[in-house]
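Okay, here we've got a single chain as C-alpha cells, the form predicted on its own, with questions on binding and movement later.
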C-alpha cells in the first residue's frame, strides 16, 4: 500500500529528475504520468500506483509548491472526467496503453458524440447507425451539442448496431478518430455569442473493431459509466469556499456597498449557504468515490449545480443594476475551454441557462434521483420491450 510519505518521496524524486524550471512542460507531464503520479488511484503503468484516491492531493500540493506545470484539465474535461474512467473500466490493455497517457497529458483532447437531434433526453432512442463490414464498422448519422469537437482528436461515440432489438440493447460504444474522413464538425452559435458546441455529421466513417469499447450491444451499460462520471465531473468539482458562481457575487457585495438592499442581502445569504452546502456535499460525494464507481447520486449534485448557478447569476445581474445588462464581447468564436466565472455578469447569466440542459436535463435527472436514489416507482414506459425499428419516430 502506497502511503502519503511514499508519495511525497516519489514526487520529490520526480522533481529532482525533472526540474520544472528547466524541463519542457510536455516532457514533465509525460514523466509524471510514467512515475504513477498523474492519477494515483489508477493502476501502475497507467499513470497511477493503485493508491487511495484521496492521496492525490498530497502529490498535487508538492507539485504546486514546486511550481510544476499541470495538465490544464479544463481543456480536456471530457477526456479526463468521462473518457478516461470508461476506458479504464471497459478498455482492452492495448486501448488503455494507447489512449490514457496522451489523454492525461493533454496531447489528445476528447469530445463526446452521444446526443442527437432526435435523441437528447431519450438518449437510448439514438439513430446513428454502425454497420459491420469485416473488422470495420461503417458509421452514419448526426450528433449535436458536442462540446469542444472543433479541438478534439478523439471522441467517445455510441451508435446503433442492432435495430431489431429494444432500444437500450442495440447500442455499441466506440472510440472515434475525429480526423477520419467523413467526420464533419460544424459550429453551433449560442446565446453567449460563442460556439463552444458543435453538430457533427458522420458519413461513412470507418472505425476498426479494435476501437470498440466493451461488447457489441453492451454500449448502453458502458455509457452509464460515462454519464455517471459526467454528472460528478460537472456537479461535484472541487472548489474552495466561495469558489464557483457565488464568488463574484460575494466580491461585488463586499466592494460595492452602494448596491446593497435588504432584500438582496437576504437572497444572497440564502444562496451563499446553499452554495456552501452544495460544495461540502460534493466533497462527501468525492470521498464516497474512493470506495468505487460513481452512481446515480451524481445526478443530485448536477441538479443542484444547475439550479444554483442560474439563481446566483440572476441575483448578480439584479445586484449590478444597469451594469448587469452590459455584455463585454459578442464576437463569434470557438473557445478552447469553458470558463463559467471568468467573464462578466452578463456572460455568466446567459451561460448558466445551459447548465440545466447539458450533462443531462434537469427533468431527466429528477427522474434518476426519484427512481434510482429514492426508490420511487418508475414512470410507465411502453417502449422498453419494443424493437427500436418498430418505435414511432
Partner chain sequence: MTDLLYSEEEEALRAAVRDLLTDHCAPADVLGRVESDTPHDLALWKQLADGMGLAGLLVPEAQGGQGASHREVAVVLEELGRAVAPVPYLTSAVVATEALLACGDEELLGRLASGRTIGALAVGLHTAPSAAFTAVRLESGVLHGELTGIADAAVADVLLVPADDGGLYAVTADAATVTPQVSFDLTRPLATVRLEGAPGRRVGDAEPAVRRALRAAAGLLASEQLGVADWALTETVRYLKERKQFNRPVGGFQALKHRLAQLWLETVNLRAAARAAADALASGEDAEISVAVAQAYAAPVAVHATEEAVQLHAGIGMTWEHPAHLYLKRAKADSIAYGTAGVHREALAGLVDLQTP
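Numbering follows the first chain given and starts at 1. Note that the rigid core is defined as the largest set of C-alphas that superpose within 1.5 Å between two forms. Remember, predicted model here, so these are calculated numbers, not experimental data.
Unshown form predicted together with its partner chain; subsequent notes refer to it.
Although the partner is absent here, residue 220 sits far enough away that none of its heavy atoms falls within 4.5 Å of its partner chain in the predicted bound form. Shown alone here, residue 191 lies farther than 4.5 Å from its partner chain in the predicted bound form, counting heavy atoms only. In the predicted bound form, its partner chain lies farther than 4.5 Å from every heavy atom of residue 91. The closest non-hydrogen atom of residue 303 lies within 4.5 Å of its partner chain in the predicted bound form.
For the three marked residues, 133, 139 and 151, no heavy atom of any sits within 4.5 Å of its partner chain in the predicted bound form. Exactly one of the stretches 98 to 106, 245 to 253, 205 to 213, 125 to 133 approaches its partner chain in the predicted bound form with heavy atoms within 4.5 Å, and it is 245 to 253. In summary, among the residues 363, 27, 64, 336, the only one with a non-hydrogen atom within 4.5 Å of its partner chain in the predicted bound form is 363. Note on the partner interface in the predicted bound form: the residue among 116, 297, 316, 196 having a heavy atom within 4.5 angstroms of its partner chain is 297.
Contacts between stretch 267 to 283 and its partner chain, counted in the predicted bound form as any heavy atom lying within 4.5 Å, involve 268, 269, 270, 272, 273, 274, 276, 277, 278, 280, 281, 283, listed in sequence order. Residue 281: CA moves 2 Å or more between the shown form and the other one after rigid-core fitting.
A displacement of less than 2 angstroms separates the C-alpha positions of residue 206 between the shown form and the other one, with the rigid core held in common. Remark: with the core as the superposition reference, the CA shift of residue 370 between the shown form and the other one reaches 2 Å or more.
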